[in-house]
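First, one chain by itself: the form predicted alone, in structure tokens.
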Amino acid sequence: MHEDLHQLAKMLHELDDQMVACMKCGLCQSVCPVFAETMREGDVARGKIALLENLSHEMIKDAEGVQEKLNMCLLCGSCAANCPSGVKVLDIFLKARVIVNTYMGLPPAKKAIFQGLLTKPALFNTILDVASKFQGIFTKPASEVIGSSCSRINAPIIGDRHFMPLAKKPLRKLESARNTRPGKGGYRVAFFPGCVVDKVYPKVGQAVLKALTHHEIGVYMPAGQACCGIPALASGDKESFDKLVQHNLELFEKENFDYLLTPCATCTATMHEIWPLMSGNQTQSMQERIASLSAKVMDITQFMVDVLKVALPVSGSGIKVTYHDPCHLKKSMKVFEQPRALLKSNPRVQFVEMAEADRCCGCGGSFNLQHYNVSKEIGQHKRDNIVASGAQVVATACPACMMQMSDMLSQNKDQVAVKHVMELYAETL
């Protein structure tokens, strides 16, 4: 208990140091997708920082109220990317969620999910494998073009969503663990598919592996990979986050490689940026190990273009494809030219830019579950821009964004397919 209080005091002090740079200028209002829908000051970065400046007092007075305001955030990073003072808003909000959770304790449902399932990859995988076999009893097809489903019954959590079903076979069962040496490509990489690619979009993982094989890149894809940890951390569960980081760290430290590649923007940003950011409570040795692995993390499209130099200027005349910028990829990792280069160099693709391509799609992980109405309103703007582009396919580099856009397009009965950039690239090989 004494250690928890000491850690809490330390985190509060760190938070104070980071918030002092906020000038309360309000520029975050113009880019916050949540504020655009709710028009509430407490839903924008400036309002939350004003709340956090007196966090210790506010927690004692109304801890649940503080938690509710902090959770009303997509963690998209739009505010941080446009802040003239360079305030690291995402860092502040993540740490604040951990502080509030440390003070309040994790709710039983989240404790069961994160500590009972997510930190136990084998059990987590088994449960979802079983669920995939019986999901057809409760769901029905919603769109053949997109491949989405909807619920047969009025389920409270699902509501009127159009969702992507669990894959009949996850990636880990379609593709066995790999540990191959490099060929003419000269590089050896580790591959981290991420939970959503493994369980919902295995075709994305297969496209990546096909591309790496084509370019004769050695691949280390170990069995037993766990979640990158962001769902737990976003809910303030630092304990589960630390366990997941350590699990994956030990797994990937077993082999040497040049880069650790992921096809998920959220996993990329989490492993590259947030792992070292949140390692302050670890030993110096562990911090150095995390930093060493994090430095190797790279988005797959960045690897294809910046490292392998595969994008060549080709004038495509095929299907019309537009691109959505995942928030974590563009705003956190500054990767946005590379996926476009892959699309523009594809002879089967006629690339068209949509309006507000980097506007958040509204998913935000657990935000979509807790605040679906707001998430849907934000997602509708993205849907409108996709349709207005005239594209037959919307491509992106984040499976979570794929799920959100699929929901919006499917509900509107739009005949627009949703694909990962690497799927389109792999089709040319």
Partner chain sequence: MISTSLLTEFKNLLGKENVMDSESDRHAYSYDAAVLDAVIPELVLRPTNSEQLGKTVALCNENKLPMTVRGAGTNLSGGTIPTKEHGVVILTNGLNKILEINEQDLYAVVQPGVVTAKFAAEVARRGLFYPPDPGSQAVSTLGGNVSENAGGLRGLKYGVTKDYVMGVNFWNAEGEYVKSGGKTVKCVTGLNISQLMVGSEGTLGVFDEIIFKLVPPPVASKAMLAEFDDINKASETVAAIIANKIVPCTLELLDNATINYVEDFTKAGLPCDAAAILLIEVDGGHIALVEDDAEKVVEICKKNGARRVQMAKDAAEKNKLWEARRNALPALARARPTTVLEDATVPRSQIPAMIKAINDIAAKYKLQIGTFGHAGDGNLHPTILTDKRDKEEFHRVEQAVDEIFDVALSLGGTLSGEHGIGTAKSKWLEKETTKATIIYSRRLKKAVDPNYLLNPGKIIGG
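Since the structure is predicted, the reported quantities are computational estimates derived from the model, not experimental observations. Basically, rigid core = biggest C-alpha set you can superpose within 1.5 Å across the two forms. Numbering follows the first chain given and starts at 1.
Below, we refer to the form predicted in complex with the partner chain, which is not included among the displayed structures.
- None of 365-373, 394-402, 54-62, 381-389 except one has non-hydrogen atoms within 4.5 angstroms of the partner chain in the model of the complex; the exception is 54-62.
- The candidate site formed by 224, 246 and 293 is entirely out of contact with the partner chain in the model of the complex, as no residue has a non-hydrogen atom within 4.5 angstroms of it.
- When the partner chain is considered in the model of the complex, residue 12 lies well away from it, no heavy atom lying within 4.5 Å.
- At a distance threshold of 4.5 angstroms between non-hydrogen atoms, residue 414 is out of contact with the partner chain in the model of the complex.
- Among heavy atoms of residue 83, some come within 4.5 Å of the partner chain in the model of the complex.
- Within this chain, residue 66 lines the site of the partner chain in the model of the complex, having a heavy atom no more than 4.5 Å away.
- Of all the residues from 21-58, those having a non-hydrogen atom no more than 4.5 Å from the partner chain in the model of the complex are 21, 23, 24, 25, 26, 27, 29, 30, 35, 39, 40, 41, 42, 46, 47, 50, 51, 54.
- Superposition of the core reveals a Cα shift of less than 2 Å for residue 16 between this form and the one not shown.
- Here's the thing about residue 366 and residue 59: their CA atoms end up at least 3 Å farther apart in the model of the complex than they are in this form.
- One change in the model of the complex concerns residue 49 and residue 60, whose Cα atoms lie at least 3 Å closer than in this form.
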